[in-house]
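Just one chain follows, in the form predicted on its own, and it is written as structure tokens.
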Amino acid sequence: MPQLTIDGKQITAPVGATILQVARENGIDIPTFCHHEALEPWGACRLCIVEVDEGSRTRLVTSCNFPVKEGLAVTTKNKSIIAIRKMIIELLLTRCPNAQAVRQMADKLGVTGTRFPIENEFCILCGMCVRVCKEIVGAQAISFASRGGNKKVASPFFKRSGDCIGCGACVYVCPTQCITMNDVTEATDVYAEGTEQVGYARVMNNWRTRLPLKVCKSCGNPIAPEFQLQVLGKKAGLAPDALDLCQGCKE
């Protein structure tokens, strides 16, 4: 097991671990915006930058995807690192001045304002929604579109995403909560006598997708999008009727 130091603290680390993992396991805080334990490290936000000394040279690296090594000396805070993190947050504050997560990180790093023209976005382009859709869900329903200042996360051709299963994983991992979904009740048919047949749907607002919700055969309450249950049931090798009941009725 590699022996290294982080901020002068001697640490024994598991083989294959990253600097960020080892630091957090030992109570050393390194800020991040694009990291999630369930996803492969990506190093997009650059907030987790640290300085490493490998004996022959010193350099700045992203700690989320840099593996620990024997004899490595890591510095998580110095003037250069703090200055870089402040600049990153200042740029994010310029792009997303009203995003609560960005403002909280700015307060934490002591950034009170920005010198650049203010925009009004909420997406910080961390890529976690794209990655969770690909790596965990396997749907690949969204991706990055355009380049430079026009870069954004979108469904194919900015139209309804036919591959979206409405699982909401992208909503869950989004740090700025700019991805939203709603479960709605809607009348699907109105009869002459005035009665109506009620249906349920999940609306993924950002991806322009509306998916019918499957209802429990016992209580009639909505369970999840029918397409989602079909896809996950097929992957798990479940019988067609295995997901006909909600969790409450199963119990």
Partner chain sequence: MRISTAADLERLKQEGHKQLHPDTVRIMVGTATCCLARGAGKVIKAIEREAAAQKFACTIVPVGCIGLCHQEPTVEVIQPGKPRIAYGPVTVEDVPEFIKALAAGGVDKKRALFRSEQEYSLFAAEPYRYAQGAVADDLKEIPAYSDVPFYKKQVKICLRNAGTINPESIEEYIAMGGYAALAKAVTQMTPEQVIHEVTKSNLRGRGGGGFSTGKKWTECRKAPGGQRYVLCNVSEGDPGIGMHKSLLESDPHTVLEGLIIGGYAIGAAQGYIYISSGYPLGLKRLQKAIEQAAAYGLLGTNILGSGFNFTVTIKEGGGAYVCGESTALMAGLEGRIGEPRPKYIHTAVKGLWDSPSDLNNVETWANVPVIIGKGADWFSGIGTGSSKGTKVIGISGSVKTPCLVEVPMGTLFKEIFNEMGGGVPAKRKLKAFQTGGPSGGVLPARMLSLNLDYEEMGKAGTNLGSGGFIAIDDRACMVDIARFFTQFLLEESCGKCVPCREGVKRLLQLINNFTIGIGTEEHLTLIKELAFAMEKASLCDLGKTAPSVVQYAIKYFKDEFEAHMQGQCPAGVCKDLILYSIDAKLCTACGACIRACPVNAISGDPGSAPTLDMKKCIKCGACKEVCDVEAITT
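Positions refer to the first chain, counted from 1. Here the structure is a predicted model, which is why all the values come from computation and not from measurement.
Another form exists, predicted together with the partner chain; not displayed. Remarks below refer to it.
Asks: Exactly one stretch in 220 to 228, 206 to 214, 43 to 51, 22 to 30 has heavy atoms within 4.5 Å of the partner chain in the predicted bound form; which is it?
Replies: Stretch with heavy atoms near the partner: 43 to 51.
Asks: What is the one choice in C178, A73, A101, I84 with a heavy atom within 4.5 Å of the partner chain in the predicted bound form?
Replies: Exactly one listed residue reaches within 4.5 Å, namely I84.
Asks: Within 4.5 Å, heavy atoms only: does D107 come near the partner chain in the predicted bound form?
Replies: No, no contact at 4.5 Å.
Asks: Looking in the predicted bound form, any heavy atom of S80 within 4.5 Å of the partner chain?
Replies: Yes, S80 sits close enough to the partner chain in the predicted bound form that at least one of its heavy atoms falls within 4.5 Å.
Asks: So in the predicted bound form, is the partner chain close enough to F66 to count as touching (4.5 Å, heavy atoms)?
Replies: F66: contacts the partner chain in the predicted bound form.
Asks: Although the partner chain is absent from this view, report whether F116 comes within 4.5 Å of it in the predicted bound form, heavy atoms only.
Replies: Because a heavy atom of F116 falls inside 4.5 Å of the partner chain in the predicted bound form, the answer is yes.
Asks: Thinking of I136, C167 and G248 as the candidate spot, does the partner chain come within 4.5 Å of a heavy atom on all of them in the predicted bound form?
Replies: No, none of the three is in contact.
Asks: Heavy atom within 4.5 Å of the partner chain in the predicted bound form: which residues of 142 to 157 meet that condition, in order?
Replies: Residues within 4.5 Å: F144, R147, G148, G149, K151.
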